[in-house]
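This document starts with one chain, in the form predicted alone, laid out as structure tokens.
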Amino acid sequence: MIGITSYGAYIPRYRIKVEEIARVWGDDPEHIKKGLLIHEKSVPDLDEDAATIAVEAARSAIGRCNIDPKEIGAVYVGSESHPYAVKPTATIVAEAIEATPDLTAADFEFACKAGTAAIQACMGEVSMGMIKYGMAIGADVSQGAPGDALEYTAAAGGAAYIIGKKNLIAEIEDTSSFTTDTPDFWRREGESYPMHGGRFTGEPAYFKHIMSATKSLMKKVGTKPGDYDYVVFHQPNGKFPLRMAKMLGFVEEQIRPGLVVSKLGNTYAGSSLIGLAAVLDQAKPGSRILMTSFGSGAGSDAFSMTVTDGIEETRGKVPTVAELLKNPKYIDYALYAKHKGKIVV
């Protein structure tokens, strides 16, 4: 059986509230919060990017377990905001965790599902015996143009997962994907901010792909919504995952434990992976989890997993997602714009 051997997350301490963004653009903050179910979002520090976030998440994953980093044979980093167009983030992470040079490393891109695609790649290599452990990461410092609706959600954070066959804390029973050429969200080379199709990102993109991948997975595994204790969907805002859960027959109690977007924002490639980390932080042995990511362009990866007794040995070694969300440092829009490179001083 292949599964998760360890995991770790990282969320910057800085935050900006919806009220502060709305103040600058003359929007109604209560309308925004009601429509998106988001109250604040994380902001990277001046010296933080997708690479530093990936490194911190990777170190957290290593710190949670007893694995020698030199046993990791693959490092894959999924992101929409790799700091270099030509220079992999994955090699930076591998060097930082002191992994062996005898590994394969690569950067993944598929919008917000790049991290889950990396998990599937690790699963394949582990199952073939090519590597003992693989590390898959989803990390982003998400972009949103000034005044765009994305400014209320585009956040920073990431999570790392070590995939293997031994010392599992969660067995991955199966995975299923659904992919089409649906251009709901895009950013061309050289452009600073993405474009999006507004309401088009909902029905033909997010909902169709998550529903299709999730139904396909449950058919393969032979499960139904009631068989799971927790469900995690990609979190572009607070409303979409709740609506998706209801459409598929899940109840609110199943999705609430991993729904961290209201205090975090949309961390793009880190979104569903941080949600999964929040669930693993509290899940008990025997709990079943369903996670489905979504990446614009468009596609979804769904995973069915069962938590093992090994989860208890990981407690208290590194910060939980709940702990990472505590003690935020709030900033105003001017400092936020400086941190995000929207103004240069």
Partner chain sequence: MAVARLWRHIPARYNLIGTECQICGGLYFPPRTTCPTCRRDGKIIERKFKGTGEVVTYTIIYSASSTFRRQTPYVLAIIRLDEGPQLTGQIVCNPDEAEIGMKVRPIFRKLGEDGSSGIIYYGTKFTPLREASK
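Since this is a predicted model, take the numbers as computed values, not measurements. Numbering follows the first chain given and starts at 1.
Beyond the structure shown, there is the form predicted together with its partner chain, which is absent from this document and is the topic of what follows.
Contact annotation for the candidate site: 121, 130 and 175 all lie away from its partner chain in the model of the complex (no heavy atom within 4.5 Å). Mapping the unseen interface onto this chain, residue 60 falls outside it, with no heavy atom inside 4.5 Å of its partner chain in the model of the complex. The closest heavy atom approach of residue 84 to its partner chain in the model of the complex falls within 4.5 Å. Put simply, residue 290 is far from its partner chain in the model of the complex: not one heavy atom of it is within 4.5 Å. Contact annotation: residue 281 falls outside 4.5 Å of its partner chain in the model of the complex, judged by heavy atom distances. Only one segment in the set 242 to 250, 84 to 92, 140 to 148, 187 to 195 has any non-hydrogen atom within 4.5 angstroms of its partner chain in the model of the complex, and it is 84 to 92.
Among the residues 68, 45, 30, 312, the one placing a heavy atom within 4.5 Å of its partner chain in the model of the complex is 45. 96 is the sole member of 96, 103, 211, 106 with a non-hydrogen atom within 4.5 Å of its partner chain in the model of the complex. Contacts of stretch 1 to 22 with its partner chain in the model of the complex, defined by any heavy atom lying within 4.5 Å, are made by 10, 13, listed in sequence order.
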